[in-house]
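Below you'll find only one chain, the form predicted alone, shown as C-alpha cells.
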Amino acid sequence: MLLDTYLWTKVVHVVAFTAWMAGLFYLPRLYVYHTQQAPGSDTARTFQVMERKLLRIIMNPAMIVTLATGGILIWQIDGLLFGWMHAKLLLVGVLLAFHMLLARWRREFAAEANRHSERFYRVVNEVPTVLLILIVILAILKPF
C-alpha cells in the first residue's frame, strides 16, 4: 500500500510540474507579444486578461501542488540524504524566484508600467528550459 501512495503522489507531482512548466514557458512568450502592443489598447488589455488567468488559474495552483507533492515525496524517500536532491531543490528555488518575477512583471503590465523590451522577454523565455533540463537530469540520473 505504501508503494501505491508513493507512485500516485509521484503521478500527481509530475502532472502538476508539467502544468507549471507549461505556464513558465508560455507566460514570458505572452510578454513578448504584449510588448508589441500599444499600452491601453484593446489587444494589450486582452493580453492582461490572458496573463492574469494563466498565472492565477493554472500556474499558481500547479506550483502549489508541485511543491506539496514534492515535499511528500522527499519525506517518503528521506530525500534530504542525497546530494542530488539538494541540487534539485536549489534549482526549484530558482524556478520559484523566476515564477515570482513573472508575477511581478505581470503586475507591471497590468499597471501599464512595463520596463522591459521584447528582446528581454525573448531571452528570459529560455530560463525555464535550462532549469527543466537540469532538474530532469538530477531527478532521473541522480548523479551524486
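Please read all numbers here as calculations on a predicted model, not as lab measurements. The first residue of the sequence shown is number 1, and the count goes up from there.
The following text describes the form predicted together with a small molecule, which does not appear among the structures shown.
Each of K10, W20 and M85 places at least one heavy atom within 4.5 Å of the small molecule in the predicted complex.
In the predicted complex, none of the heavy atoms of L3 sits within 4.5 Å of a heavy atom of the small molecule. Taking the partner from elsewhere, V92 is found to have a heavy atom lying within 4.5 Å of the small molecule in the predicted complex.
Taking non-hydrogen atoms only, L55 never approaches the small molecule to within 4.5 angstroms in the predicted complex.
Under a 4.5 angstroms non-hydrogen atom cutoff, the small molecule in the predicted complex lacks V127 among its neighbouring residues. Of the candidates L101, I77, A110, M50, I77 is the one whose heavy atoms come within 4.5 Å of the small molecule in the predicted complex; the others do not. Per the 4.5 Å heavy atom criterion, the small molecule in the predicted complex is contacted by stretch 66-74, the sole one of 34-42, 66-74, 101-109, 114-122.
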